[in-house]
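Shown next are two forms of a single protein chain, provided one at a time as structure tokens under the names structure 1 and structure 2.
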Structure 1
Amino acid sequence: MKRDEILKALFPAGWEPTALEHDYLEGRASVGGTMVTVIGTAERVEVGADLALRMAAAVLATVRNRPGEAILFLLDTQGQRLRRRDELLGLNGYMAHLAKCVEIARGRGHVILSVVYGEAVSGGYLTTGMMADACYALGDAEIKVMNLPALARITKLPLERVEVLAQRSPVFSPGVANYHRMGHLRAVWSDDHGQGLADTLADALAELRAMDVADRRIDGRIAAGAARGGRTMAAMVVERVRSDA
């Protein structure tokens, strides 16, 4: 979906943008009768130091000015910005700062949701959407680190072989279904032209609001990945490192 389509589908009665630019958006919207902060990227924008800082500022402003208000990330990003200048200034520090702001918000009672409506790649997703209490994606969205031809080059396996293995394992090939099976996505939302998406979002928000802060701080993705059969090792490894003598 494109930015204007997802905004229309999620907020059919409209929303209150404070920034609505080619590749960035920020504002508030009513979801199920309560206001949420909306922070979003568009047009597969690269996340550079300046954009990470801008999103961090938006999170901090919500924490300061509207205590407890839920924060919704809407994402379409091709990943981190690949520029020497950004690395010179410490891009990873800027992105980590955004993650810290989200964690502080969560600790102070803000519900955090993310929805990938376009594309989400690696560094652009890690400290934004992946920091949410609950991560969602539309069925026609894409989440990935790399594509299969690139993996074939790295492993020196024939592409046909990699494609066959990709049918068996959700671990290395792109796709929201794989990220669901591995426990990262709480759900994949139907993409039938946006019908019902506003209600789906309102339900998701109500479900998170009903949990107390301590429960929301528990990252349940490893357990979900084990339950869905997409990540078979992680839960056992965590448990053994946690409790082995």
Structure 2
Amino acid sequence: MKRDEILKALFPAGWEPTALEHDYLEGRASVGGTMVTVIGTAERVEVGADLALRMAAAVLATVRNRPGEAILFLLDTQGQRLRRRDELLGLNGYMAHLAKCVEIARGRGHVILSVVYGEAVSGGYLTTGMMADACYALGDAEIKVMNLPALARITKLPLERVEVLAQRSPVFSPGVANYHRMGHLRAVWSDDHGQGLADTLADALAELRAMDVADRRIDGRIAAGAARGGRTMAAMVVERVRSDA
């Protein structure tokens, strides 16, 4: 689904953009009768130092000017920008700054949701989508850390071996279904040509708002992944580390 399509589907009554560019959007919209801050990427944009700072500023502006207002990330990104300029500037620090700003917002009581409507890859997604209280994706979206040939090169395993592992375990596999099975996604939304997505978003926001703040801050992804059969060892490893600490 393209940017304009997801905006129309989620906000059928319209929204109030403060920035609507080729690869970036920012503004506010009414969801379930309450206003939310909308921050998003489009056209598979790379998240570099400049964009990371811009998104961080939007988060901090919400914390400063609209206390408690929910923040919705709409995401379509091919990952962090792999350019010499950004690396020399210390892109990892800019990405960390964005993640810290999201955590500041969470700590101040802002509900944070993310919806992948296009593509979500690696660092461009870690600092926004994976930092949210709840992550969702459309069924035709794409989520991955890296493709299988790249994974083979990094792990120095034969591609054929990686492909076999990907069939056995979602940890090695790209795709929305695999990330849902691992517990990373709370739910996968059917676009159904845009019908019902506005209500689905409103229900998701209401569910998070109804939760106790302390409960909302608990990361339930490991438990969800174990229950869905996608991460059978993570909980055990975490518990062993805790017991030996």
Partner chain sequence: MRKRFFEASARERVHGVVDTDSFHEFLPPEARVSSPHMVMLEQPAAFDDGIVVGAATLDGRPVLVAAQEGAFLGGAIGEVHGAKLVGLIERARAERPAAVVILFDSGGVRLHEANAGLIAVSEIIRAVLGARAEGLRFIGLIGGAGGCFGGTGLIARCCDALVMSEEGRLAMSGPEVIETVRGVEEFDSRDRALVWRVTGGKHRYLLGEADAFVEDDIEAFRAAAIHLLDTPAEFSLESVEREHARLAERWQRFGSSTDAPEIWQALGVPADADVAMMNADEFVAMAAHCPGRNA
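Here, rigid core means the biggest group of C-alpha atoms that superpose within 1.5 Å across both forms. For residue numbers, the reference is structure 1: its sequence is counted from 1. Only a predicted model underlies this, so the values are computations on that prediction, with no experimental measurement involved.
Practice task
Choose between structure 1 and structure 2: indicate the form predicted on its own.
Solution key: Only structure 2 fits here, because that chain is the form predicted on its own.
Practice task
Establish whether a shift of 2 Å or more occurs at the C-alpha of Gly139 between structure 1 and structure 2, with the two forms superposed on the rigid core.
Solution key: Comparing the forms between structure 1 and structure 2, which are aligned on their rigid core, Gly139 does not shift its C-alpha by 2 Å or more.
Problem - After fitting the core, Leu126 CA displacement of 2 Å or more between structure 1 and structure 2 - result: Leu126 C-alpha, core-superposed: shift of less than 2 Å.
Handout entry: Cα displacement of Pro149 between structure 1 and structure 2, core-superposed (Å)
Key = Here the C-alpha difference is 3.8 Å.
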